[in-house]
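Laid out below as structure tokens are two forms of one and the same protein chain, each shown alone and named structure 1 and structure 2.
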Structure 1
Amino acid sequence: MVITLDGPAGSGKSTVAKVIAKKLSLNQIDSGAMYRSYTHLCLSFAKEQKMKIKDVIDSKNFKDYLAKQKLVIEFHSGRQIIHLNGKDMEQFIRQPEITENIKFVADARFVREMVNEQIGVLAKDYSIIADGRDMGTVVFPNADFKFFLTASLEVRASRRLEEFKRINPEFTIDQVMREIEKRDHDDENREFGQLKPAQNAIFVDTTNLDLNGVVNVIINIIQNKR
């Protein structure tokens, strides 16, 4: 079974996917962690070559460098574990520097194609739940269940405030709202992998629901349709 959760930043996709994966004994695909791992590689390469990260992305040498890296994805009790050249990436990919630069990597077509291919291979062997912005439209157009999570801008900003404060402790809720508005605009107008609901996606507004409420809505829909 394949379940997709798409939606804008702060709509609760990753947190909801984690709980549903546990309740339904699924494996959670965390594409964000995959892009963060590639961002870690890109930053390392950029520092080694003394280049700016946005210049590295278009470099043939970087593509050759990526091809030599061994990125392995496994699941432990439904949780995705990424090993890069034998090293667990979790402690490296949550750093502010990764958050600040991930957009350059996640917007690169060849990186998105690599990640989508890896996710597709995993779905052949596992029942999964995957969250992102184009899971139900590009990665899994034939998913068994497609959900699109939404929430008000104010609520999404409050959910992301602590993450932004790890980058800059002076961030205010108004600044976070402006950042999320900009990201929404960028995500909706990307050349490929745009943020948009699949035609047959089920909308879930998480504005006035707590985590358990959102999870229950989605699980009830899945169980009733099955």
Structure 2
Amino acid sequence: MVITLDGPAGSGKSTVAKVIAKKLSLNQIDSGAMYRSYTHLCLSFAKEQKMKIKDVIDSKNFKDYLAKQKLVIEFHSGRQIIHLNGKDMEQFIRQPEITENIKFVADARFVREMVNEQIGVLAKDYSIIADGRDMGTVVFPNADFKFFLTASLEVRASRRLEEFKRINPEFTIDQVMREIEKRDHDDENREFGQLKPAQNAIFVDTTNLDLNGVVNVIINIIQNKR
């Protein structure tokens, strides 16, 4: 079984996917964490070369560097774990510096192809719930269930503010709204794998729903159709 959950930043995809994965005994693929991990790699390489990320992303040197890195994706009790050369990536990939630079990496066609191939390999062996921007449109056009999560900008920003404040208590709601608006624009306008609902996606507006509310809506739809 394949379920896809796409939608903009702060719509709740990853949190919802985690709970549904547990309830339905699926494995969760967090494609955003993969793009974040490749962004971490690209930033490290750019710093090493004393160059800007946008100037190294398409270079042969970066592709050679990537080929030498061991980025391994595994599931532990349904949760996706990304290891880079044996190190768990989670501690590195939620930093604002990663989010600020992700556009350059997520726009690169060869990175998208690599991520999609890795996801395809994982999906061969497991039942999954995959969240991201293009899971229902590009990666799993034949998914059993496709959902597109939305929420107002204000609600998405207020959800994110809580997370941002754990990193820096000075963050304001206006800063988070601007960051999300910019990322929405980047995600909707990239050439490959842009953020858009699949034609047969089911829309779930999470503006006035809490986590349990969203999970219940999705699980009811799945169970009624099965």
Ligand code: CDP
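For the two forms, the rigid core is made up of the largest set of C-alpha atoms that agree within 1.5 Å on superposition. The structure presented is a predicted model; accordingly, all values stated were derived computationally and were not measured. Here, a residue number simply tells you its place in the sequence of structure 1, counted from 1.
Each structure shows the same chain on its own, and structure 2 is the form predicted in complex with this ligand. Taking 2 Å as the criterion, Ile167 counts as shifted between structures 1 and 2: its C-alpha moves by at least this amount when the rigid core is aligned.
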